[in-house]
Structure formats: structure tokens, C-alpha cells
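Given as C-alpha cells, the chain that follows is alone and in the form predicted alone.
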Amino acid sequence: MGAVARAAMSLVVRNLQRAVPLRRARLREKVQAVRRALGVQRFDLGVVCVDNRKIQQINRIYRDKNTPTDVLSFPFHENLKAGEIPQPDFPDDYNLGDIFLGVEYIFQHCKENEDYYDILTVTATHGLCHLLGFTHSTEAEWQKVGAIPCPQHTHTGGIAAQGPRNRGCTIFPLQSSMKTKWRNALK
């Protein structure tokens, strides 16, 4: 059976914490732009914002790491090749999975001159990359997965990669098809 064509699907952003003020509409708007740019807007996606205690609990249960973290991803489609868009045969399979954002952890690691919502978007994009099959076990691999288009660098035809704990920005070349997608999404 072939893939079923489908219109834009839901993006659910839930805020299950009270440690950090959060405007869900602002985060939702930014994540929607990323979904459009990556061509995955026809898939359901859940983004759940939690505090340090909850992200640490989830990290301990699923990764055996008893520490808070910035993002954890739970893909609906397992064993995707890096960057592969799922090709579901059934309507119920148009789901990418869920991203848990440790918004308290992210807020605590933001620098003074950084926009909190931009960092949330970078982190959510990192989680989305995991849902699309990207993985990392080294810092070099992390840099690759952390690579996202950056509006202020579109004139260079590159993307910015936010390093671990926001240690800087690196520019990587974008394929021409991705340049067009990002420019259209960021308009």
C-alpha cells in the first residue's frame, strides 16, 4: 500500500511545569516554522515542557542518567535513517512522536544576551532531528545533529549549529533544496 497524502497535522504544545514562565503560542509558532521548513508539517508532533525534576525522572527511566537535561525525544517511527521522512501506509501512522523540553534546565543555561524562545526553538529542533533518525554519541556528532538553519545566516547559505550548553555557533553549508525551504519558512 502506498503512502497516504495528508494535510498539515496537529502540533500539541503542553506546559506541565510552573518553574519558568512560558508562552506556548510563541513556542508553537516557532516550532511550526521548523516543521514547515523540514517538510514534516503533515505529521502529528507533541512538545511537552517540563521542569528539572520531571526531565530528570524521565532521563533516569529511559536513559539511565539521573540528571536533568535539555531535551528527550521519543520517536513514533523507529529505525529511520538520518533525515529520512517517514512514509506511512496508514493515516494513524502520521505521527513523528514526542519531544520533552526541560524548559527549566534550558532557562538556567541561557546566557544574558540569548533569547530564551530562540534557544527553546533550537532545542526543540534538536529533538525533532532525533525523531527523524539523527543520533549522536560524541560531541562532533552532537554538533551535526544540533545544526539548524539560522535566520541571521541565510545570506551565507548556511545553517547555525548550537553547541552543547550554548557554547557557540558554527556555520555548515545547506543543500540548495533546504536553503529554499528555510527561506520560505522564515518569511
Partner chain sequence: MLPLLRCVPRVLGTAVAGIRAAAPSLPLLQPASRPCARPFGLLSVRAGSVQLPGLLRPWGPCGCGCGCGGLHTEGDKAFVEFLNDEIKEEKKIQKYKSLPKMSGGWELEVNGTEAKLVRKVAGEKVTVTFNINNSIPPAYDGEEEPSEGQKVEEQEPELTSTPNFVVEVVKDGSNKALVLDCHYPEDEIGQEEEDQSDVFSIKEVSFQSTGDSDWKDTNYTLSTDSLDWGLYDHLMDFLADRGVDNTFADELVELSTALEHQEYITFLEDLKGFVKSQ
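Values in this document were obtained by computation on a predicted structure and should not be read as measured data. Numbering follows the first chain given and starts at 1.
In what follows, reference is made to the form predicted together with its partner chain, a form of this protein that is not presented.
J.: Counting only non-hydrogen atoms and a 4.5 angstroms cut-off, does Asp98 reach its partner chain in the model of the complex?
T.: Within the cut-off, so yes.
J.: Does Val40 reach its partner chain in the model of the complex, with heavy atoms at most 4.5 Å apart?
T.: Although its partner chain is absent here, Val40 would stay clear of it in the model of the complex, with no heavy atoms inside 4.5 Å.
J.: Although its partner chain is absent from this view, report whether Val34 comes within 4.5 Å of it in the model of the complex, heavy atoms only.
T.: Contact with its partner chain, no.
J.: Spell out, yes or no, whether the shortest heavy atom distance between Val48 and its partner chain in the model of the complex is within 4.5 Å.
T.: Result yes; Val48 sits at the interface with its partner chain in the model of the complex.
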